[in-house]
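The chain below stands alone and is given in structure tokens; this is the form predicted alone.
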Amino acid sequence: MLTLDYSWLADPVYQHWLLRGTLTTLELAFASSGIAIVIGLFGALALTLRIAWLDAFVELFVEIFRNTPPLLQMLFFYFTLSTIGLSVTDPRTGLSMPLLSAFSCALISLSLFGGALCIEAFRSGLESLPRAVTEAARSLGYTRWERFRRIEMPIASRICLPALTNIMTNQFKTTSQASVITVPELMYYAGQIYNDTFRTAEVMILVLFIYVTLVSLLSWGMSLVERALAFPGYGKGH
């Protein structure tokens, strides 16, 4: 019979590690999601301009970052950027060190991965817009940028909120892979704790509970936003 022992949780060091790891996970998840949404907005705008070379560039970006594992992208940025000259010399030791930290590499790779997914989400939202809406905006004299900013994107972003929720929850869970490149997030410290205490089952159950709680709160918050911004006739906008 499995006997669980959580006496190690009384140790202030392990409490500090769990808190610090959770905060780093939150920081990485929200920062990468925010950047990914910005990438998605500009990528979707670029696709509406109908410029051949720009379309090809965005499509190539989406294919590369959507179709490769996030872990591979993290390892690529972490191990290759310093080898192509992106390094600095530590003034104290005189040794060469990577220009970008492990956290920065994880943030870049997660943002680009999420950005590729957000471009597709926003594109689907734009394509589902009623044609009469864009034609009415055009007849009122709106420029291309004004139509996108004031008419198309406000409606499209509401329509694609369920897809954005899925992307954000996926971003949150994918942050756990950053432990592979030594980012001190929740899974990284979980590994440190069970290596010290040999209480692997207890640590994994606790980390599972933390992830379920945080992702459930995120999903609940996004559900409230989705309900508040629902567009009549789409999704929850009855």
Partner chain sequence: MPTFPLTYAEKKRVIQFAIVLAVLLWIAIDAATGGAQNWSRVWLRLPILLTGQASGWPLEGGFSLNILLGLCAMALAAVLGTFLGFGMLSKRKFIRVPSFLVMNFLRNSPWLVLLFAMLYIIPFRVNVFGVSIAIPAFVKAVIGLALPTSANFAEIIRGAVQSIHSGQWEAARSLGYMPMAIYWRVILPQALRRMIPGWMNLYALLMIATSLATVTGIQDVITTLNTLLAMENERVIVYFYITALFLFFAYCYPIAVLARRLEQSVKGDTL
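Nothing here was measured: the structure is a model prediction, and the numbers come from that model. Numbering follows the first chain given and starts at 1.
The following text describes the form predicted together with its partner chain, which does not appear among the structures shown.
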Does its partner chain, in the model of the complex, lie within 4.5 angstroms of each residue among Phe30, Ile35 and Asp196, using heavy atoms as the measure?
no
Does at least one non-hydrogen atom of Leu71 fall within 4.5 angstroms of its partner chain in the model of the complex?
yes
Whether Trp145 contacts its partner chain in the model of the complex should be assessed with a 4.5 Å heavy atom distance threshold; does it?
no
Is there a heavy atom of Phe209 no more than 4.5 Å from a heavy atom of its partner chain in the model of the complex?
yes
Exercise: Leu41 in contact with its partner chain in the model of the complex, heavy atom 4.5 Å:
no
Residues of 57-80 having any heavy atom within 4.5 Å of its partner chain in the model of the complex, listed in sequence order
Phe57, Glu59, Leu60, Glu63, Ile64, Arg66, Asn67, Thr68, Pro69, Pro70, Leu71, Leu72, Gln73, Leu75, Phe76, Phe79, Thr80
